[in-house]
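One chain is shown next in structure tokens, namely the form predicted on its own.
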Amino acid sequence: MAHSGRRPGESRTRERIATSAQEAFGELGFDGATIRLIAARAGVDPALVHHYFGTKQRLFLSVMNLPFDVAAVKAQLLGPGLPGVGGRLIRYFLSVWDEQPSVRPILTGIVRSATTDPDAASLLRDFLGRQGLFQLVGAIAPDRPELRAVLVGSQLIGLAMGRYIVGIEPLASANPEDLVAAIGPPIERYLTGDLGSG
């Protein structure tokens, strides 16, 4: 009797490759993470990586999706009201990096790779644009949401790059609540303040 669908081990192999790819892209960026390295970490032949995912670009796009529920984040940030929303956004952003080990390699890989790979840059633009931050900022401040989203996004990318990618001290080891106190007010101004004529 013929069976359809994947054999039992196929999905586990695919998951091992995906996990290995997330970690490698996170540590080394798009250019540094080779198919051969990803395959070796997953314990498979490089041909299997191509079999399941095709090109390195397709592998990157398959495994580096940002797992954020914009509606849930919006409720968390706006539930207490607008005052303090900048600090809550920074606290949430830091918690994603510091407390969600499954998400950190994805974020690290996208930020590391965005400077050299157009697909990674596109993912980052999607996060900043209409797919993510734009929706969030639009709910907070309906006037000029695109500019506000980009201003906030530029601060978040800079924070991520300095704290998590480059490891600039004392930023890298700073207490998260100190960063909330320092960065929250300018983020709040970007979200709710006067941006001048436009």
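These numbers come from a predicted model, not from an experiment. When you see a residue number, it is the position in the sequence shown, counting from 1.
Just so it is clear, the following notes concern the form predicted together with another copy of the chain, a form of the same protein that is not shown.
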**Asked** Quick check: do E15, T34 and G43 each get a heavy atom within 4.5 Å of another copy of the chain in the predicted bound form?
**Response** no
**Message:** I need the one stretch from 135 to 143, 149 to 157, 54 to 62, 35 to 43 whose residues put non-hydrogen atoms within 4.5 angstroms of another copy of the chain in the predicted bound form.
**Reply:** 149 to 157
**Item:** Interface membership of V85, another copy of the chain in the predicted bound form, 4.5 Å heavy atom rule
**Value:** no
**Prompt:** Should R125 be counted as a contact of another copy of the chain in the predicted bound form, where contact means heavy atoms within 4.5 Å?
**Reply:** yes
**Asked** Is I168 one of the residues lying within 4.5 Å of another copy of the chain in the predicted bound form, judged by heavy atom distances?
**Response** yes
**Message:** E10 versus another copy of the chain, in the predicted bound form: is there a non-hydrogen atom within 4.5 Å?
**Reply:** no
